[in-house]
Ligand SMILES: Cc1ncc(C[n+]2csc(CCOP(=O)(O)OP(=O)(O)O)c2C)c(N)n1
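Shown here is one chain on its own, the form predicted on its own, set out as structure tokens.
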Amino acid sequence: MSAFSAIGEEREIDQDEFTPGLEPQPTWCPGCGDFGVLKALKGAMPQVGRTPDETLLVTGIGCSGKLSSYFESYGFHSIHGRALPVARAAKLANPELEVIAAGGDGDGYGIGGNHFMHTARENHDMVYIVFNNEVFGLTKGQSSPTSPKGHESKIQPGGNAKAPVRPLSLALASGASYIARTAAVNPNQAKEILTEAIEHDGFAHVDFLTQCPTWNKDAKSYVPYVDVQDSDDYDFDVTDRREAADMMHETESALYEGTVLTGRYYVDEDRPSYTQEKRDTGALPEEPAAERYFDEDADWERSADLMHRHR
């Protein structure tokens, strides 16, 4: 049992516990894929045995940022592109907390792209859900990092001139140890993938295709979709980086040609998380910093005393 009395309590958990009493009904546009993320996340939490008091959800700016308002847990609504550094700090202070970060494709792959790359590189133990609708939805449909080349918007009536980023490939190259793509139109797979991602010890990146019927008519509803694990047309080893990279490239190319591929793409269970590596080298104390706030007899140390003096 942690000093945080809610953490470590053994009991049966109902997904309705994750529906807040203050703002239970989301106000996203009708048909928005964000509803699918919320439903899948609520369904995944009881599967991993976590309660609202054991969970922190950090969100960025955009339509996806409202997720923390509609999900009962500890929450932090950060500024644009900064969900990951906030989530990392919370996880380092209290490793027993289940930390989930969420943001849109503009928030995560554009404005917060540097944080995405380095959080994956360091393999922090958390889940990062990216609502990928291929536009900046909250600010009325401007092209985002994942918008296809030629995508027309109010500020680009002649079409987007840039090729989209490849989020799965970017996550792999950066060092994420769990990488998957799912879609709001595939709720069963979405819940299963989020469950696996939360249980994974390391940085889990989930690219979540979320249709935007208001501002992105091109993407429609991401249907029909194909689960690469269930299809006989795709056979690759999710533990092999080279095979995973090839499958990711095929998936990211096919999306803009009208074929929606989803599933698990890469899983590395052997790589230690950032917290574990720091503990192994003595750079991080075994007792979490957050615990000391609840211990009147704790000996507080200056940060300089925890570091090796320069020689």
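Start at 1 and count along the sequence shown; that's the residue number. The model shown is predicted, which means the values in this text are computed figures rather than measured ones.
The same protein has a further form, the form predicted together with the named molecule, not shown here; the description that follows concerns it.
You can rule out all but one of 265-273, 56-64, 279-287, 250-258: in the model of the complex, only 56-64 has residues with a heavy atom within 4.5 Å of the named molecule. Taking a 4.5 Å heavy atom cutoff to the named molecule in the model of the complex, the contact residue among 170, 185, 127, 111 is 111. Interface residue among 195, 229, 139, 156, judged by heavy atoms within 4.5 Å of the named molecule in the model of the complex: 139. Though the partner is left out of this view, residue 207 does not reach within 4.5 Å of the named molecule in the model of the complex, counting heavy atoms only. Although the partner is absent here, residue 135 lies within 4.5 Å of the named molecule in the model of the complex, judged by heavy atoms. The shortest heavy atom separation between residue 80 and the named molecule in the model of the complex is within 4.5 Å. Annotation for 102-122: interface residues with the named molecule in the model of the complex are 104, 105, 106, 107, 111 [heavy atom within 4.5 Å].
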